[in-house]
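Before any questions on binding or motion, here is one chain by itself as C-alpha cells, the form predicted alone.
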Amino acid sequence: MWPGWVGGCLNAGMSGREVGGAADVCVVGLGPTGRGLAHRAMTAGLTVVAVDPRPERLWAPTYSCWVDELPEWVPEKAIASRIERPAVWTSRELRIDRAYCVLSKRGLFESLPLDDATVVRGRARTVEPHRVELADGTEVRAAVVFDTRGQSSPGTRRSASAHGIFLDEETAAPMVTPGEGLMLDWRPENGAGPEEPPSFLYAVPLGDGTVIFEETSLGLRGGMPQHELRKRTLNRLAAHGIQLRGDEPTEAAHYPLDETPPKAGRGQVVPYGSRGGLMHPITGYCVADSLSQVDKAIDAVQRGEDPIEAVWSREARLVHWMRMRGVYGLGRLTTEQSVAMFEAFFTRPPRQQRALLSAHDDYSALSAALFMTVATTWPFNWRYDLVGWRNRNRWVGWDYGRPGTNDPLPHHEDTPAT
C-alpha cells in the first residue's frame, strides 16, 4: 500500500507532496461516473486515488435512466422513484412498456463508498498519463489515470438544453401524479409557433414529494437559451391551470451531445463518462451507461490492456456513429416533423427502441430502428430533412430575443447531464 490516508480525505494544502506513488488507478473527478469507477476499481482490489475539489458534496443534477440499464451491483436504494410505463405524447398518447427511474442522489452516493481508496481534495491543474498535478503543486502518480471531469461549454456544438422547475406533488397533480411520468410531451402547449425551434416537456416525480417539469431542446447547434425554455415551461403549466409563486427551485442544463469516443491506445489518459464519448448523442443520458461499462474498463486495467479498447469495441463505435446521424437529423426538424418522427420511432418493436435509447453495441437493431423510423415518417418529403438532404442548417443563428422583464430568471445551478 502506498503512502496516504487510506479511506480518508487528503486536503490539497501540502504543496510539493507526492501521493500514490504505487497506485494502480487515479480517478480525476467524482461525479457519479468517477465515483462509480473509483468504487469498482477499489472493490476489484486495485489501489485507487481519487481527486476532486469537493469530494463530499452531493451532486446537484437530477439523474435518471431506464431501470434495466443499471448494472446489477447498483442496489435498490439508489432508485428514488420508479415509473413502470412512462408516457410519450406525439399526436396521441403512447406508453413505453419499460420501467424508468429517477436516481436518488444520496442513495447512489452512499452505494459507491470509497472506504479503501485515498481521496484527495483539490483541483487538477495537469492531467497526464501517469501523473496528476493539483493546483497547489501536489502530485498524484498512478499506473492508469482516468479523467471523468465532464465536458466544457458546448459553444456552437450540437447541444442539449433544459430548464426545470420543481413543484410539489399536489401542485403538479393536474399533469403528473405519483408513479406516472412524461418522457416526451410534444403537445402544442408551450407557446412556440410552428416556425420556431422545437422543444418538448419532460416531467417526472422525484420520489421526495416533488415533480420536475423540464422543457428540453435536443440537437440544436448552441442549444436553446434558458429564458426561452423557461417561458415555454410556464406556458405548458398554465395550459393545465398550474400557477407558480415565482420562488420555486429550478435546474438548468446545457451540454454538448457530440463528444466522440477516444482513440484506443495504451499509455494515455483515459477519458471516461461524458468526457469519453459515453454521453448518448440523441438523449443526453450518460450515467447509467457509464456505470454499466465500468467493469470492462477495470478488467482491462487488471489485465494490463487498454481500457478504451475494452469499452469501445468496433460495434460500440458503429452504434455511436449511427446515433450521431440521428442527433444531426433531430437538430434540423420542425415541431411537426419531430412529432411525426417520434411517433414513428415509438411504434417500433421493443428491441429497436432499446437499441436507440440505451444499448451500447446492438448495431443491427439500431440500424433497423433508424431505417424504419425514417421510412415510416410521413409526409414522405419530411424524410429529406431527417436525413440531411435539405435544411441542414435550419435554426442556426435563430434569434430568441432577450429575457422578458415580467418573468426574470431565478437563480439556478447549471448542470452537466441527466
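It should be emphasised that the depicted structure is a prediction, and the values quoted were computed from it without experimental measurement. So that there is no doubt, residue numbering starts at 1 and follows the sequence shown.
What comes next is about the form predicted together with a small molecule, which does not appear here.
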item: Residue contact check: Leu291 to the small molecule in the predicted bound form, 4.5 Å heavy atom; value: no
item: Leu30 within 4.5 Å of the small molecule in the predicted bound form, heavy atoms; value: yes
item: Distance check, Thr62 to the small molecule in the predicted bound form, heavy atom within 4.5 Å; value: yes
item: Exercise: Val287 in contact with the small molecule in the predicted bound form, heavy atom 4.5 Å; value: yes
item: Contact segment among 245 to 253, 182 to 190, 86 to 94, 105 to 113, judged by heavy atoms lying within 4.5 Å of the small molecule in the predicted bound form; value: 245 to 253
item: Three-residue site Gly34, Asp52 and Gly122 fully in contact with the small molecule in the predicted bound form at 4.5 Å by heavy atom; value: yes
item: Partner-contacting position among Met279, Val311, Leu237, Ala340 - heavy atom within 4.5 Å of the small molecule in the predicted bound form; value: Met279
item: Proximity to the small molecule in the predicted bound form, single hit among Thr118, Ser199, Thr233, Thr148 (heavy atom within 4.5 Å); value: Thr148
